[in-house]
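Heads up, the chain below is alone and in the form predicted alone; it's given as structure tokens.
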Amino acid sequence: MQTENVPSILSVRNLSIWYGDKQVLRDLSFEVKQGQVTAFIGPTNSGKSTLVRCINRLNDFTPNFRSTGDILFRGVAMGTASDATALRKQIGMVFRKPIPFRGSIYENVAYGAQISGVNASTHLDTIVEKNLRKTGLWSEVENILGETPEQLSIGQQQLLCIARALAVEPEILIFDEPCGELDPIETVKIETLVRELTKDYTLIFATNKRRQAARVSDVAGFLYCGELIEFGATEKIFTNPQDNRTEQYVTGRLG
């Protein structure tokens, strides 16, 4: 996908992060384009999870967290948003390990809509079915909606968590190593879903799987030791990188 003339939905400007005295990210600046998949690659402890947790303010809960710089969502600095919960409805997150809520499969998907004020059962039914269909899970669970997610496979649980995140109608959905616990078949389902979701959402995808980033993303950024070494069109990052460290990483000689 061409990135020119595509509007930015998220802007990161000179972002640096510390946990206590330890600096984890150093002076990151980049733009996330609307309707695209932006992947962040890099070895373990390169700062990928720290970065994506900042984008929906999960690091607010981290002791000794400190940051400088700005993250702007639709031109408004996130640090000025008084209601972080409302912000997280607009910027959802899917984690490495799926964590279904207690309750039924139905209640897991309906939860977000309910806390947003939707109470009519017919409306909730529509929301649950629509988002389970989006993830491809509907046909597998439509007859067991009242049962708990414990009986689902780990891959099905991850799809359920994605459906739950989609039910609050976010504009951006962040995936932080979403296939880290999955087998190859389940991984293919998630990757296919990620590409389909770009029709309606902007996606941010953090992974240390080089080939996965190449398959799912339009734009990629290479993080190494807390620095954004290179950022640009995925094809260019993987076929014609401008930094030697990027070239070493994408070819498997670094990290």
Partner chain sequence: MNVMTTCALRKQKLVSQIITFIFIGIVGAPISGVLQKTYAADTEAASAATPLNTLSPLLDDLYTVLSISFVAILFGIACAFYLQEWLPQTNWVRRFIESVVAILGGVPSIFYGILAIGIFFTDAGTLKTVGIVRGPQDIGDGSALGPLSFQYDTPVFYIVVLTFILMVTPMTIKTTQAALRSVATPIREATYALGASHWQVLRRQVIPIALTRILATGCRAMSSALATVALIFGIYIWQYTNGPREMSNRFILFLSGALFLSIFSSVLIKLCASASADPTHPTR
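Numbering follows the first chain given and starts at 1. Being a predicted model, the structure only gives us computed values, none of them experimental.
In what follows, reference is made to the form predicted together with its partner chain, a form of this protein that is not presented.
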Just give me the single entry in 168, 72, 182, 145 that has a non-hydrogen atom within 4.5 angstroms of its partner chain in the model of the complex. 168
Identify which of 53, 210, 189, 33 has a heavy atom within 4.5 Å of its partner chain in the model of the complex; exactly one of them does. 53
Pick the stretch from 33-41, 57-65, 198-206, 212-220 whose residues have a heavy atom within 4.5 Å of its partner chain in the model of the complex. 57-65
Please determine whether residue 124 contacts its partner chain in the model of the complex, using a 4.5 Å cut-off between heavy atoms. no
Quick one: does residue 96 come within 4.5 Å of its partner chain in the model of the complex, counting heavy atoms only? no
Taking its partner chain as it sits in the model of the complex, is residue 89 in contact with it (heavy atom to heavy atom, 4.5 Å or less)? yes
Taking its partner chain as it sits in the model of the complex, is residue 139 near enough to touch it, meaning that at least one heavy atom pair lies within 4.5 angstroms? no
Would you mind checking 114-134 for residues with a heavy atom within 4.5 Å of its partner chain in the model of the complex? 114, 115
